[in-house]
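Heads up, what comes next is one protein chain in two forms, each shown on its own as structure tokens, labelled structure 1 and structure 2.
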Structure 1
């Protein structure tokens, strides 16, 4: 039994849904299908989920929402009519929209419920289309599928008790179509995963039914060794380990949500990333372990939008609890940190810019001086992080030398190096303006 997940680009139009149906038809072992909300139909289009968020915010703020409401319905109407499906399907979607908007629930709950309508409607449309062309197929609501989650709006986590319930899906007859992105609490309240959470649903379901393979269909042929917007025609990665994919997805690779593979990883379910538009291509396989002879460095990931909080104090290493006190100040401000490289008298904390407003920066700096009495506190903004990723980095001689030489050859200064905290990656912090030059140089050293 395979679980196949289709992303937003695969669900964007009637023509794409017909491709999805063809892919399902080609392999009878594709028994469980997880779907995203309709994505962009063209480059400047708006994703359905974004429209639903706009609709919710306008309604909650007492603004005119009718135009956005019409755009949402128009997206689904276009797909339903082109697939020649019963118009009762559109009426069902409209009734769901009206019901959520009129419900006397909190703003957070209303937004979660509205966001889920994209995936929910996709699943209903695809199951109806599969039935129309002769398949035995059915829509399965996440509650009925057994996807039970924690009570964290917008950031729900799957509960361990879910997996035995999900396993029961194996007994159901025909093709099952499940909407991604949301589940239900034990009290029956709808909760969404974090953005991009349809990948999480697919991984959860694959783990729950103990699938032989979890296929993730998207709009790229495979995972590339580097961002193709930085390096043209980069090499494709044929095989990745779970750890490598986790590192790559965290550091800017957009193929997968960075939490998506955890359920599949825990159950050792193999994953394959494929292109809905070219399903005959092999794609990228994600496995538990690589063969020893396979290349050490598999990819170079990068992302911007970081700041470094640098704190220096003479004899810091002898002051018990200094690091804990510093991190407590960040915790009090509701700020999570990404990395914390340190020296004898120095400690840097890497933070995403989105977490650190100017007001918080001022308050944190003031508290550090008052409570920790450092010699220096400096905040460096506009940083980028580059990760060289591959299993076996720690045991391969010369990788760090090649990487630092490549960055130096690009005339880029390294602000921070973090090696040793991960077995599968080494990280370099540089100025965001230098990112493309550094990544291009690294790519040519490791892959050309």
Structure 2
């Protein structure tokens, strides 16, 4: 039994839904389908979920919301009419929408319930269409599917008790279409996951029913070895391990929702990322383990927006607890950090720029000088991190040489190297302005 999840672009138009139906038809083991809300039909289009958020905000603020209300409904009407489905379905969706708007619940609960309507309607439409073309198919509400979550609106977490309930879905007959992105608390309150959360639902359901495969249909052919906006036509990645995917998505690979990998990983369900528009392509497989001969550099991820806080003090390594005290100051100021590599008399703390306002920077620097009496405190902003990712990287002679040569050839200074702490990646810190040059050069060295 496979679980297939279809993303926003796969649900955006009637024509896309026909492709989805055809994919389902192609493989009878595709028994459970999880869907997103209709996404963009063209580059400048607005996603249904964004329309629903706008609608909710206008309504809550007492502004005119009729125009956006109309836009939301027209997205669903367009699909329903083009697929020649019963218009009672549109009435059903409109009733749900009206119900949520008029219901006497908190603004937060209203917004969460509105956001869920995109996925919920998608699931109803796909299920009706599958029936119309002769499938035995049914819409299954997340509550009936057993998706029980914590009470965190907009950031719900799955509860362990869900999985045995979800396992019972295996017994149901026909194709089950489940809306992604939301679940219900034990008290029956609707809660959404974080944005992009349909991937999470798919992964939860795949883990729950112990699927042989979790297929994630998107609008890209595969995961690429490097960001295609930096290197054109990059190599496709055929197979990735969960670990490799984690490291890649940490530094800018956004194909697959990071949190979504967790349930699949825990039950070791393989994941396949495919393109709805080219379902014959193999896509990218995410698996638990690779054969030794497949172990090499699989990708180069990169992200900007890092800062490095450098602190040096002569004889630091004789001062017990220096590092701990420094991290305590950061914790006091509510700043989480990514890494804290240390030398003998030096310590660097890598922080996401977004977490470090100018005011916090000033405060922290002041406290470090006053409380720790260092020789130097320097904050470097605008750093970029590059991750060279691959299983077996650590046991291959010359990988560091290849990488540092590529960066030097691009005439880029390396501010930081962190290698060996991770089994599957090597991390380089450079100036953000040098990023594209360094990544291109690395790509060519490892993939040409």
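Rigid core here is just the name for the largest C-alpha set that superposes within 1.5 Å across the two forms. Residue numbers count along the first chain shown, from 1. These numbers come from a predicted model, not from an experiment.
Chemist: If only one of the two is the form predicted on its own, which is it?
Modeler: Pick structure 1 here.
Chemist: Quick check on residue 438: with the core superposed, does its CA move 2 angstroms or more between structure 1 and structure 2?
Modeler: Shift at residue 438: 2 Å or more after core fit.
Chemist: I want to check residue 278: does it shift between structure 1 and structure 2 by 2 Å or more at the Cα, with the core superposed?
Modeler: No; that C-alpha moves by less than 2 Å between structure 1 and structure 2.
Chemist: Taking the rigid core as the reference frame, tell me whether residue 387 has a CA displacement of 2 angstroms or more between structure 1 and structure 2.
Modeler: Passes the 2 Å threshold, so yes.
Chemist: Let me know the CA shift of residue 372 between structure 1 and structure 2 in Å, rounded to one decimal, core fitted.
Modeler: In the core superposition between structure 1 and structure 2, the C-alpha of residue 372 moves 6.8 Å.
Chemist: Rigid core superposed, I'd like the Cα shift of residue 339 between structure 1 and structure 2 in Å.
Modeler: It moves 3.9 Å at the C-alpha.
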